[in-house]
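Have a look below at one chain only, the form predicted alone, in structure tokens format.
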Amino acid sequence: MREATLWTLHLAAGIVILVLLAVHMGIMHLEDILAAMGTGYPDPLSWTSVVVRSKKLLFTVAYVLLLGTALYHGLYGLRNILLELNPGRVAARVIQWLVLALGISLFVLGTVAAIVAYVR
């Protein structure tokens, strides 16, 4: 039951990543269409546009959500690949804890960076 739940979360994270990356690609690469509609940024890759986006709560939330789902999706996949190598019981526990610690560390680091960019 636990693995089925984790696998379902893995699939849900993939769907969330797909949606957020589609929005990201639209904002970054369809700037002419968005500008014609009166939205978007004239040069989305310029430093000024990046700073302006980082000051908006919606983008900060989206960045943190994308970070969390991408980390979960990627690290859960890595964990499964490593566990399919049939490590011993102790090695499997170590792999699980290392992947969990890596994910939490990277999530905290990325979230703090997004919040600092939003606040400053």
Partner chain sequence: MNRARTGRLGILGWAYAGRFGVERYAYLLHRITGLGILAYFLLHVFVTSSRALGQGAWESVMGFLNKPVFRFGEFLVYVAFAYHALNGVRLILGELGFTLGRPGRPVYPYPVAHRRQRPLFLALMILSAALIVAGGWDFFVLGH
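Small disclaimer: the values here were computed from a predicted structure and weren't measured. Positions refer to the first chain, counted from 1.
Just so it is clear, the following notes concern the form predicted in complex with its partner chain, a form of the same protein that is not shown.
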item: Interface membership of Leu67, its partner chain in the predicted complex, 4.5 Å heavy atom rule; value: yes
item: Distance check, Leu57 to its partner chain in the predicted complex, heavy atom within 4.5 Å; value: no
item: Touches its partner chain in the predicted complex: Arg93 (any heavy atom, 4.5 Å); value: no
item: Leu71 within 4.5 Å of its partner chain in the predicted complex, heavy atoms; value: yes
item: Residues in 1-33 with any heavy atom within 4.5 Å of its partner chain in the predicted complex; value: Trp7, Leu11, Ile15, Leu18, Leu21, Ala22, His24, Met25, His29, Leu30, Glu31, Asp32, Ile33
